[in-house]
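Below sits a lone chain in structure tokens, taken as the form predicted on its own.
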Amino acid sequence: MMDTPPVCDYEGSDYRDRFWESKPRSYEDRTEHLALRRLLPPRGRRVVHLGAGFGRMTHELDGYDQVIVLDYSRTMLRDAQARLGRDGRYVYVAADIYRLPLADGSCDAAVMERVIHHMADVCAALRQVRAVLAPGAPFVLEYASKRHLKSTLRYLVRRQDWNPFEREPVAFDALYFNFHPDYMAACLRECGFVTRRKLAVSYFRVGVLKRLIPLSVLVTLDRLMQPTGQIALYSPSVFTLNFATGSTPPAAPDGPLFKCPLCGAHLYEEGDELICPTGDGRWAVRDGIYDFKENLAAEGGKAAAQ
């Protein structure tokens, strides 16, 4: 098994209630939906939503024939199932982004928002995303920027030690990073993407503004400000539209969806398990979730998964 960086696991957390539903975040929610609609092609064959969580943004992908809802947390995926349903268009996958179990070239589009700030190795994650995409496929990536107006002002008046103009990421906590736009641009190029559009999102993410200014006004202002990301990026959130470059052949439409995250062989389904033909692993299918968090073939894996 290849070594990978640690993964931020929201298993059993109250993230949905604590972060979104118990606090006034309607402004962030609406502006992020707006940005995604502006960037992602509205329809296609298969899209993967990476780090989908409880499915807050996933319904924006309803124009696609198949939506892969992928997250590391099983409890988040169960929330997503309750939110989105199980009509067959949605495929729920519990997996590590550093070891994506999707066949190379199997997806026509990808979305990842509010996720990469948990990645200690950005390029390792982006290479995995590039591998599952067909050439020319769009990839909408959102990241938290370190070079936003608040951090810049705090640095200039010496109320902040770290420099928002330095390219290296800044860590606020374990597995919680903000990135300089130039750093992210370089990572995307290195990992096989070309960036076509950038949106500056959530300029007005300030408590006093959200209390004093009507939500509809803030969202309208944000809508007007987002395109300025093509010129300058000083917003706390950045949405980018990228396209997969290179000549990796797309997977056949009727080909296997899953590959072994250890050796890359195509998996076959037998009963309620996905099995690697080389013997490297077996993974369970439980309650509509393809569960790659536990390798049943590993010593003690089956007992741990039960």
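Since the structure is predicted, the reported quantities are computational estimates derived from the model, not experimental observations. Don't overthink the numbering: it's just position in the shown sequence, from 1.
Only in words, not in the display: the form predicted together with a small molecule, which the text now covers.
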property	result
Exercise: G53 in contact with the small molecule in the predicted complex, heavy atom 4.5 Å	yes
Close approach of R205 to the small molecule in the predicted complex, 4.5 Å, heavy atom	no
A95 within 4.5 Å of the small molecule in the predicted complex, heavy atoms	yes
In the predicted complex, Y72 touching the small molecule (heavy atom, 4.5 Å)	yes
R86, L257 and Y268 each touching the small molecule in the predicted complex (heavy atom, 4.5 Å)	no
Contacting member of H180, H118, K210, H148, with respect to the small molecule in the predicted complex [4.5 Å, heavy atom]	H118
In the predicted complex, segment of 229-237, 95-103, 127-135, 210-218 with a heavy atom within 4.5 Å of the small molecule	95-103
